[in-house]
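One chain comes next, on its own, written as structure tokens: the form predicted on its own.
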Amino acid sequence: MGTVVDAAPIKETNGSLAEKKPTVVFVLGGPGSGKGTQCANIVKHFGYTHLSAGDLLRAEIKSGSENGTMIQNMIKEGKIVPSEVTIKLLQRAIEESGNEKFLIDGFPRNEENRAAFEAVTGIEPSVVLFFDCPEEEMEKRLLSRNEGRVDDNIETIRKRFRVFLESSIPVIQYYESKEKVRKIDAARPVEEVFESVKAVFTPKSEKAD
């Protein structure tokens, strides 16, 4: 299975991407924290391009490419898709978009993802948005939303919370040490949450007016 990844070298575009110096914001938060809704608001108000690691992987699977088949097989087997595969898809999406401001949603999922992204792309996020929401609130939201997701049952939801905490909290702590994390209280109504988000993206000079 490794040969498919080997056949598509991930570092060939390394230089050009770092030279473009795109602005990258990582968006992290547990399942049901409202990340997707807030990303849509940021795109609309601040002109960012929203990249979801999960959506890119699903699109690659749907494309029927050799890479997509490998990804699908790994997910079926319960394996984690290698960081390099996800990063390669993110890199391609950044280069093809024509924009220079990006929200990367749901990535990095763990420390290994984080280190690999910085090593491969040469890019550090300018900000890490962390949508902080109590588990009970996220659970309530996931159980009430009717999106036809088969994994939205109580046992699966709780497992997803545990995975998020174990994997993503070290990433948040790493970026907190670099003073890049902006923690948003995501338990409030959508409009109130976005007011806090806007404060992160609005230049200081505009806030003074």
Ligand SMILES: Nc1ccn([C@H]2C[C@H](O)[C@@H](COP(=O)(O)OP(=O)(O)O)O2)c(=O)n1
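Source: prediction; values computed, not measured. Residues carry their position along the shown sequence, with the first being 1. By rigid core we mean the largest C-alpha set that fits within 1.5 Å across both forms.
This protein has a second form, the form predicted in complex with this ligand, left out of what is shown; the following refers to that one.
Remark: open binding site. Placing this ligand in the predicted complex onto this structure by local C-alpha superposition gives no atom within 2.4 Å of a backbone or C-beta atom. For Lys44, no non-hydrogen atom is located within 4.5 Å of this ligand in the predicted complex, even though that partner is not displayed. This ligand is not drawn, but in the predicted complex it has no heavy atom within 4.5 Å of Val127. A residue is said to contact a partner when one of its heavy atoms sits within 4.5 Å of a partner heavy atom; Lys88 fails this definition for this ligand in the predicted complex, lying far away.
For the chain shown alone, Phe107 is a contact residue for this ligand in the predicted complex, at least one non-hydrogen atom being within 4.5 angstroms. Taking Leu57, Val171, Val181, Ile184 one by one, only a single residue has any non-hydrogen atom within 4.5 Å of this ligand in the predicted complex, and it is Leu57. Site residues Gly32, Ile75 and Arg160 are all in contact with this ligand in the predicted complex, judged by any heavy atom within 4.5 Å. Scanning 117 to 145 for heavy atoms within 4.5 Å of this ligand in the predicted complex gives Leu142, Arg145 in sequence order. Remark: with the core as the superposition reference, the CA shift of Met70 between this form and the one not shown reaches 2 Å or more.
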